[in-house]
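A lone chain, given as structure tokens: the form predicted alone.
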Amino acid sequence: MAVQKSTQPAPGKPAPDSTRRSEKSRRAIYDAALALVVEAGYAKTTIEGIAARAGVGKQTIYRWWSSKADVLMEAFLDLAEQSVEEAGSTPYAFPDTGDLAADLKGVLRATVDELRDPRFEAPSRALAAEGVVNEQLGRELVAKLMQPSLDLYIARLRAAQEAGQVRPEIDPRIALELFVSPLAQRWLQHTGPISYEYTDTLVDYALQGLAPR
């Protein structure tokens, strides 16, 4: 008669921690996805390639995500959150000190730091470039990665309107583009240096047009 192997852990040995194994696999998948999209581009990055690089089975990825876009979005969000935590900030936070110019300059300076971080820059450029030609991915990039931050700009500008710092007829959804769009264009097209001085000047120029007359 065959001896049935016990499923109980041996005395003195801890039981395997499936949660810990899952987190290790998830982290390996994030790292593999971001590395591949930088090296090969979005179009050539595949679930199979991510699985092979991460050292996991393809079905492990499909258990958690339905597509490579979902993998990359989550990996990118995780990277951004890590960057924010390392800086000692809170994800999706926008200061309201009562000084609109100082608050905007602080947030944009943090954005400059993120855009210049090599860990963030390479995968974000790859995804942004693909989002221009891949309409579905472009919409997902906006909805999942950009919109939460844009909503905070809108909320902060509305608070400034209530405080009398911004004219009441200004549409915050359009006004936020005065700060965000020039920086994004300069970064994407390499039309000039990305610096604190540049974003501080953006704020100064924009607020001249938004302030009460």
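Fair warning: this is a prediction, and the values are worked out from it, not measured in the lab. We call the rigid core the largest set of C-alpha positions that still match within 1.5 Å between the two forms. Residue numbers run from 1 along the displayed sequence.
Although not depicted, the form predicted together with a further copy of the same chain is the subject of the following passage.
Asks: May I ask you to choose, among Ser181, Ser149, Ser67, Thr46, the residue with a heavy atom within 4.5 Å of a further copy of the same chain in the predicted bound form?
Replies: That would be Ser181.
Asks: Only one of Arg186, Arg156, Arg53, Arg26 gets a heavy atom within 4.5 Å of a further copy of the same chain in the predicted bound form. Which one?
Replies: Going through each option in turn, the one that passes is Arg186.
Asks: Check Glu162 for me: does it contact a further copy of the same chain in the predicted bound form (non-hydrogen atoms, 4.5 angstroms)?
Replies: Outside the cut-off, so no.
Asks: So in the predicted bound form, does Glu177 come within 4.5 Å of a further copy of the same chain, heavy atom to heavy atom?
Replies: Heavy-atom contact with a further copy of the same chain at 4.5 Å: present for Glu177.
Asks: Closest heavy atom of Arg139 to a further copy of the same chain in the predicted bound form, within 4.5 Å or not?
Replies: Taking the distances in the predicted bound form, the answer for Arg139 is yes, it comes within 4.5 Å of a further copy of the same chain.
Asks: Can any non-hydrogen atom of Ala128 be found within 4.5 angstroms of a further copy of the same chain in the predicted bound form?
Replies: Ala128 belongs to the contact set for a further copy of the same chain.
Asks: Flag this candidate site as yes only if Glu39, Ala93 and Leu108 all have a heavy atom within 4.5 Å of a further copy of the same chain in the predicted bound form; otherwise mark no.
Replies: Checked in the predicted bound form: no contact with a further copy of the same chain for any of the three.
Asks: If you look in the predicted bound form, which residues in 51-80 sit within 4.5 Å of a further copy of the same chain (heavy atoms)?
Replies: Read in sequence order, no residue approaches a further copy of the same chain (within 4.5 Å, in the predicted bound form).
Asks: For Leu104, decide whether the Cα shift between this form and the one not shown is 2 Å or greater, given a superposition on the rigid core.
Replies: Shift at Leu104: below 2 Å after core fit.
Asks: Would you say Leu127 moves between this form and the one not shown, meaning its CA shifts by 2 Å or more once the core is fitted?
Replies: Comparing the forms between this form and the one not shown, which are aligned on their rigid core, Leu127 does not shift its C-alpha by 2 Å or more.
Asks: Indicate whether Arg156 shows a C-alpha shift of 2 Å or more between this form and the one not shown, with the rigid core used for the fit.
Replies: Result for Arg156: no, shift under 2 Å.
Asks: Since the Cα-Cα distance for Ala43 and Arg139 shifts by 3 angstroms or more in the predicted bound form, is it a contraction (closer) or an expansion (farther)?
Replies: Compared with the form shown here, the C-alpha atoms of Ala43 and Arg139 sit farther apart in the predicted bound form, by 3 Å or more.
Asks: Relative to what is shown, are the Cα atoms of Lys44 and Ala122 closer or farther apart in the predicted bound form, where the gap shifts by 3 Å or more?
Replies: Here the pair is farther apart than in the predicted bound form; there, closer.
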